[in-house]
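Before any questions on how it binds or moves, here is one chain, the form predicted alone, in structure tokens.
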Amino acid sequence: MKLTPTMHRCVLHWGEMASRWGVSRSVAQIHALLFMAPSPLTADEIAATLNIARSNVSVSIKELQAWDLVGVTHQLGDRRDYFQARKDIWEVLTMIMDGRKKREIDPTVQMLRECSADAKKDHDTPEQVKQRISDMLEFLEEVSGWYDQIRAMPRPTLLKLMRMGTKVAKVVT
């Protein structure tokens, strides 16, 4: 696949941003390429377009599939796997946020619940530390609950809410 200068810039930037978020640059670049590609691509086409090792493409594709961002498809008469990304940006960002919540927030909430319960029986941990653990747990439970509610909203409603911006504050204050 031939990348235009604009596509090239987007692929590079997506990779740079992802590396700041702790995601492999090549995983993100492959995702950006597949997101922009007009049709599914084979692993060899991905490797050639991005000038990365075929083995790196395979590992990266598996990670993207684990995040449910990329799927595999087949073509009649061709035994190769073709890969395509979700094209709906709302779905893409929702899958990323869901994945991060599942991998980062949920385990942290569980750990804080356990630490909070343990701290009640622990006489050596200073009260300030116990309170900080409790405060962190309360905050993350609130954020998690809020996210679950927002996630359940229909897209048009969520879009209206987003467009309201700070006007929402006037309603609740």
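The first residue of the sequence shown is number 1, and the count goes up from there. Note that this is a predicted model, so its numbers are computed, not measured.
We do not show the form predicted in complex with a further copy of the same chain, though everything after this point is about it.
Novice: Under a 4.5 Å heavy atom criterion, is A66 part of the interface with a further copy of the same chain in the predicted bound form?
Specialist: Judged by the heavy-atom cut-off of 4.5 Å, A66 is well away from a further copy of the same chain in the predicted bound form.
Novice: Is T108 close enough to touch a further copy of the same chain in the predicted bound form, meaning at least one heavy atom pair within 4.5 Å?
Specialist: Judged by the heavy-atom cut-off of 4.5 Å, T108 is in contact with a further copy of the same chain in the predicted bound form.
Novice: Test of understanding: in the predicted bound form, would H74 fall inside 4.5 Å of a further copy of the same chain by heavy atoms?
Specialist: H74: no contact with a further copy of the same chain in the predicted bound form.
Novice: Even though the partner isn't displayed, in the predicted bound form is L93 close enough to a further copy of the same chain, meaning a heavy atom within 4.5 Å?
Specialist: L93 belongs to the contact set for a further copy of the same chain.
Novice: Output the sequence-ordered list of residues from 140 to 173 with at least one heavy atom within 4.5 Å of a further copy of the same chain in the predicted bound form.
Specialist: The stretch touches the partner through E142, V143, W146, Q149, M153, T157, L159, K160, L161, M162, R163, M164, G165, T166, V168, A169, V171, V172.
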